[in-house]
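Considered here are two forms of the same protein chain, supplied as structure tokens in two stand-alone entries, structure 1 and structure 2.
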Structure 1
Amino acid sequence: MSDTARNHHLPLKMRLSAAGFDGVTLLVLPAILLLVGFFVYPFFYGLWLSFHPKDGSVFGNYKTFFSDPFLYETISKTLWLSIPVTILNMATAVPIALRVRLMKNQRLLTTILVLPITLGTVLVAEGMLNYLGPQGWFNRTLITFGLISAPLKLVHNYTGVFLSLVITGFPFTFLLVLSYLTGIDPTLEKAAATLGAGPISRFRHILLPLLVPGLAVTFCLGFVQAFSVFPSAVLLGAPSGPTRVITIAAYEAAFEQYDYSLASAIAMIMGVVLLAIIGAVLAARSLFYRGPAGGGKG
């Protein structure tokens, strides 16, 4: 009897198990269905919709976007916000994480630093309006002590959105950097110190090369978070001026012009820009370090 005929007489459960579809594997099916239903299908539907504009031409939406400065300039405005914010958050998170990982009350300080994550973007924006607005506590305090004669304009401009992205993005960046730092074997630093290497040399030649893979991933995740800014740009910025980010253009196309095809095209353009930046960062990572993704503890 051939193997095919022999397998045909086996119970269905055994045949599925032999093919790799056992009970444990089938537990993945709900997650796959959710992934397809909430991510894969919407993406391909949006991609299809972006090539079906109102004028009937295939690339009409993309021509409309790149021929209108009011639309295509949103890319540079969004990058001008997201890239500096991501770099600042990383530059701040690394030295703080280096210090925190050596402290005994690490949990308490970490909880304080990540508290803004629990507040949400909208609540942070409302708090900043009450604190940094023209009649907010910050300006009134400075005027009361005679430090300024007129309120500082810290909201409804680029500065307000920038500060909001730093406040909401830093805890996320800090947690990622701290996790990568705590995963580096401390005996590597001790061995270098024994050989006479100072703190700067240890960071430059040991910690930094091992951190580069993690920092690259942290940059990508932080950049995606900052690039998709919307509530802060509306509540704290100037939606028709320097903080008219690309998400606002997509929102206006979908819910003000009711042109869902153009909104889908703008979303696709957002995806291409994100992939280009992320691809460049991950490609540059290999220039600094080639090896495992971290210096594990064992």
Structure 2
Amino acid sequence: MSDTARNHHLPLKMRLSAAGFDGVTLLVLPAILLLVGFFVYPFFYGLWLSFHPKDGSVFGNYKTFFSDPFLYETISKTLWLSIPVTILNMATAVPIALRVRLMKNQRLLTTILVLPITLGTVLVAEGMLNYLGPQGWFNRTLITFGLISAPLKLVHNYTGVFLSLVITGFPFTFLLVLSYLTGIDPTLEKAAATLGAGPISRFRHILLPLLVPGLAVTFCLGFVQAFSVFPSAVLLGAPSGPTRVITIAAYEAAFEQYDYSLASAIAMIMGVVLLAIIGAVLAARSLFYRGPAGGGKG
């Protein structure tokens, strides 16, 4: 008698528990139901809705989006903002994290850096309007030191949104990189140093290969945040000009034109662009070393 046939004679309860289902497993059910109801279902509803536009044609929304420059240009504008910011944040966070990792007392610095993440983009935008404005302390200091003669225009344009993404994005990137770095066994680097490797070749041949998977994840998470910028693009940028990002287009469609169908289509396009970039980054990552970041005789 085969296994499956024998299983049919067992009571249901035993067959379920053989697959790992018993009273304890059921505890996960409420969480699944809630997320299916408020995450999975809305997604599929939005997908369905995006193919049922007001004019009745199946691809009407997508045609509208890709034929109106005011809509399709939001993709390039968002990428033009989010990709440089993410690269800059990574490029500064990695060297700083490499230094801070050697510090004994990191707590003060990490606590200060967690502030903008906790306070959120709305508050950072509000503070930046004051601080970087023409009468703000930043411009005033530069003028006092004679570095500039007239205040720099740092808000209500591309620069304003860019800087706000640095202020919230850099600490996020830094803390993630730091946590990946502290997960790498320090003895590996010491061994390389003993064998005569200098700091640059230690980084290039030991740390970097071990760090690449973490950097790929950090890049993706940082990029997702920058790509979905909303409050600072409105408050600090030029929301009808160079910082008209894709979230603004989606918001306007939903809550100003009450065209939920078009708004869902824009949300889906956002998701596809995000997936494409993340997919490319993770594919590039697989070209590098994969393996444990620990040392010793695993």
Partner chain sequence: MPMNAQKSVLGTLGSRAWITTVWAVTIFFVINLLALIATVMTSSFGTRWLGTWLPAGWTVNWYASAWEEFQLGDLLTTTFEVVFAVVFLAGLIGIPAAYALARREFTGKRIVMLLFLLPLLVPPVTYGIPLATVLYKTGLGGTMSGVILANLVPALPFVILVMVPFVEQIDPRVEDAARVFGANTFRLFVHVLLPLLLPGALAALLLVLVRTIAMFELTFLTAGPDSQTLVVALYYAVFAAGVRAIQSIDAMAVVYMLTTLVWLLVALRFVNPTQMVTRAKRP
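Note that the structure is predicted; figures quoted are calculated from it, not measured. Rigid core here is just the name for the largest C-alpha set that superposes within 1.5 Å across the two forms. All residue numbers here refer to structure 1's sequence, counted from 1.
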{"item": "Panel number for the form predicted in complex with its partner chain", "value": "2"}
{"item": "T141 C-alpha shift between the two structures of 2 Å or more, rigid core reference", "value": "yes"}
